[in-house]
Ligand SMILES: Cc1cc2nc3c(=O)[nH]c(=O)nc-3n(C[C@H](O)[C@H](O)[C@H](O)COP(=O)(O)OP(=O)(O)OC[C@H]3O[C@@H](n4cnc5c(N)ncnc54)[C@H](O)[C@@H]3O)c2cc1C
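So this first bit is one chain, no partners, the form predicted on its own, shown in structure tokens.
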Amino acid sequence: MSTGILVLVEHLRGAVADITFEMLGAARKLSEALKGPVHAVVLGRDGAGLAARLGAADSVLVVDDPALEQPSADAAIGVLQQIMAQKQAALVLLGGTNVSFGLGARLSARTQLPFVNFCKGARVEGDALVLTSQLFGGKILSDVKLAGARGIVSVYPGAFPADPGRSDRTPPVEKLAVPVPAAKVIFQQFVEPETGDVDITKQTVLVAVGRGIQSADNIQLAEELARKLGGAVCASRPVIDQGWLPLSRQVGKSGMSVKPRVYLAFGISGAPEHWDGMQNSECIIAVNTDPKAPIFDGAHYGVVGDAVELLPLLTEKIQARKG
């Protein structure tokens, strides 16, 4: 059995990413069966200041070094390997995000531990850890057994709830003196794109459009419905590729991940790449002319119909209901 679980904390400019709380919640549940502590690992300057938000961990391990503020893969892997040795931890959870995407396989090669990517589920069976891994964009789910609960795991964003990983408890902080390996790639500057468009990740209601919207002129039908509902318009990749909406409105694996209270999908087939970005919505309502469209497999409510015809009717009904 693993004697401890390491969770690599993802943070940027003082904000802890949701994937961190998802991993902490999953690690907390696993630790009950594995009988080992959960350590949150914070790399970078002022890491101790984040500890108050990481109360789900038994301890927060901080490596305070300017070279780790935006660490290269070489630096992060070298530090993690040393922490694993110090804490005798053989189970490491990493975020399956752009931030940590290149770490898992290389850390696995360094430590000779198995690596499981795209993890969407975890349970303990006897002395083994069974992980559910998503393959081929979600078309196949595969169970992988790690003997002795030893391995490197990349957790798929949104696969685990974040709330169990949040706690008001202030965990103990341990500052580690760990040499940071020299890196060939050095972070120089963080460049943030100009804002001004709607942040679809913060909307409670989203009206999503796909190929079934037929033309750019029909986008206004979705915008009118979104205004009546107090939400915003978003889209699947084909609409964005046509230039009908900006990239900031794209939902899916190559776009944004959203979880509004209501997600209305008009003319969207429901390919795995799009489903990945909106599957955590509280209520999914789908409209498509194809009764066999994959979107209906996961939607809470569905209508077989033409999006262009239904959009103005819904807007009219909502307006009448509002009085």
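Numbers for residues come from their place in the sequence shown, where the first is 1. Given the structure is predicted, the values throughout are model-derived calculations rather than measurements.
The same protein also exists as the form predicted together with the named molecule; that form is not shown, yet it is the one meant from here on.
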item: Per-stretch contact check against the named molecule in the predicted bound form, the hit in 245-253, 139-147, 177-185, 87-95 (non-hydrogen atom, 4.5 angstroms); value: 245-253
item: Joint contact, 271, 288 and 293 to the named molecule in the predicted bound form, by non-hydrogen atom at 4.5 Å; value: yes
item: Residue contact check: residue 237 to the named molecule in the predicted bound form, 4.5 Å heavy atom; value: yes
item: Heavy atom of residue 211 within 4.5 Å of the named molecule in the predicted bound form; value: yes
item: In the predicted bound form, residue 306 touching the named molecule (heavy atom, 4.5 Å); value: yes
